[in-house]
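Below, in structure tokens: the form predicted alone, a single chain.
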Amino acid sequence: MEKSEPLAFLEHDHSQCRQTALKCANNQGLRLTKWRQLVLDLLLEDHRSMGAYEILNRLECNGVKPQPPTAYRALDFLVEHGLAHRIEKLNAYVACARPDACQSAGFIICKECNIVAEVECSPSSPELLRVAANVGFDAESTVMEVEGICSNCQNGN
């Protein structure tokens, strides 16, 4: 994947994000059930992070009322297949910005507007992994999340 500006902070056509995600799901032969599709559509509306209960509330406002396990199963499926990411710091989810080319991602999180920008990076710090290995720790994953205030919020936009 070519490194570029974080998509979330750029003006762009969100319908293109949706088309890319659906094409990626189709290419993987994934079965997007009604609930998976609804949850993915919510995550793709913008690049804000959303917790599971916010997703449930948004679905209910749209006239459907799933139980919490339904939303969590849909989110787990989307994360497992690279269509969404779980943002650990926020205990929330965001659609993958580039599901067709995502290798390893880090996240820039705006504390004001809750937009989460996905950036291609290696979240595995060689120093951290070296220390973990030296103490006999078998590292399975690392998470790179940077929290702050985006330029739009800094400028009052």
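Keep in mind that this is a model prediction, so the values were computed, not measured. Residue indices: 1-based, along the sequence shown.
The same protein also exists as the form predicted in complex with the DNA; that form is not shown, yet it is the one meant from here on.
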*Taking 4.5 Å between heavy atoms as the contact cutoff, choose which of 104, 27, 62, 67 touches the DNA in the predicted bound form.*
67
*residue 111: heavy atom within 4.5 Å of the DNA in the predicted bound form?*
no
*Though only this chain appears here, would residue 38 touch the DNA in the predicted bound form if you measure heavy atom gaps against 4.5 Å?*
no
*residue 52: heavy atom within 4.5 Å of the DNA in the predicted bound form?*
yes
*Answer yes if any heavy atom of residue 34 is within 4.5 Å of a heavy atom of the DNA in the predicted bound form; otherwise answer no.*
yes
*Given that the partner is absent here, state which listed stretch (128-136, 88-96, 40-48, 111-119) has heavy atoms within 4.5 Å of the DNA in the predicted bound form.*
88-96
*Are there residues in 133-157 with a heavy atom within 4.5 Å of the DNA in the predicted bound form, and which are they, in order?*
none
_Closer or farther: C-alpha pair residue 62/residue 116 in the predicted bound form, relative to this form, given a change of 3 Å or more_ = farther
*Would you mind telling me if residue 51 and residue 62 are closer or farther apart in the predicted bound form than in the shown form, C-alpha to C-alpha, with a 3 Å or larger change?*
farther
